[in-house]
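Given next, in structure tokens, is a single chain: the form predicted alone.
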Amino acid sequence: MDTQSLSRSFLTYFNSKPQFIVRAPGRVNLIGEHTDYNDGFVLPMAIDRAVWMALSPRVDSLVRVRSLDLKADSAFELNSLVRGEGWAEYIKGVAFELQQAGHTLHGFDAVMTGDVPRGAGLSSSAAVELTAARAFAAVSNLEWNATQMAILAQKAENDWVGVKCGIMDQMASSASREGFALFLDCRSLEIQHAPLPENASIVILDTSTRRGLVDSAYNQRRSQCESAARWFGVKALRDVSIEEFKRKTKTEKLDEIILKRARHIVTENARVLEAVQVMKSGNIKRLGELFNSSHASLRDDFEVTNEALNIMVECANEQQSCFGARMTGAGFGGCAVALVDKNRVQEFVNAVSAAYRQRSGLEASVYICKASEGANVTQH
């Protein structure tokens, strides 16, 4: 992102130079799908696409934001926040939760822009929330605690905006480190930074299909997982090991659908734990195999892929340069993620785009990504 042009836009709108520039990235989940609401393990990575804000503090409690992408303005008063509609609700929700947590906030003037593709399942909303949190922290002189800010941003999305997301997106946008994926225990919120293999590129393959029915299917999967946890007599499926799963389902009868859902979560948690180990040892071949078995499990046991996602993953895996690929995100459309030989990445992108077009009749959007730093601020 060209911060100079962002500063110039600020100057145009507010007739002065900005004091701060803040950014927060989108994310892609490498492995660990639908495990978050089962208290499990996830391995997302902040991507080098982000939301940016140039801003200066105000002496009063007014917040004015110009969205350069939407060519729209929003203004609200911190002392009298009222729910409304639209993009500014993410910023307002963060303000509300920060104040609820006892923080005293100052107003600011800002211009905002971003290059996280919207609706692709790459967490553009979490990027906006963490950018807002960074902005309020900068002008209100708040101490930055990545985990606490992620929790408040998640609350804003859950309670203010009304979208029931897990904590993964906000933690990835808040706490990631450049060059590393973020290993997160969704129960304790403990994190570790897992190094990405040096000779691999992460490629996001957008199927150009958007998830329909995802809310009802998501809620259904969630309640099926809760039923399974009750059957196993545990708080959440993260407490069931593969051995225990095999032993208990061998001797006792569990509804076939519930059994499949539980098997995905139990095996997926094991795959995340193994993925962290193989990343530390640099075993890129095994990491690719884990991607592939994760996709098969999401397709056959959790049943959240669609035809486009399956075609995309097949097209990716046919390339010699690909170590493995899987759907990423909630499913039923959106994106797949592939682990690709860094030296052959452009050849991979061209081949997969052509093969996908031929088989699905759709155009893919493809993003070669680097693992980026979480939300940050620079003073100007």
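In this text, residue numbers run from 1 along the sequence as written. The model shown is predicted, which means the values in this text are computed figures rather than measured ones.
Unshown form predicted together with a small molecule; subsequent notes refer to it.
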Checklist entry - Is G166 a contact residue for the small molecule in the model of the complex, using a 4.5 Å heavy atom cut-off? => result yes
Checklist entry - Does G329 reach the small molecule in the model of the complex if we count a contact as any heavy atom within 4.5 Å? => result yes
Checklist entry - Does F183 make contact with the small molecule in the model of the complex, using a 4.5 Å heavy atom cut-off? => result no
Next on the checklist: Is it the case that Y37, even though its partner is missing from this view, gets within 4.5 Å of the small molecule in the model of the complex, heavy atoms only?
Outcome noted: yes
Checklist entry - If you check W87, Y218, F245, W160 against the small molecule in the model of the complex, which one has a heavy atom within 4.5 Å? => result Y218
Checklist entry - Heavy atoms within 4.5 Å of the small molecule in the model of the complex: which stretch among 329-337, 48-56, 64-72, 314-322? => result 329-337
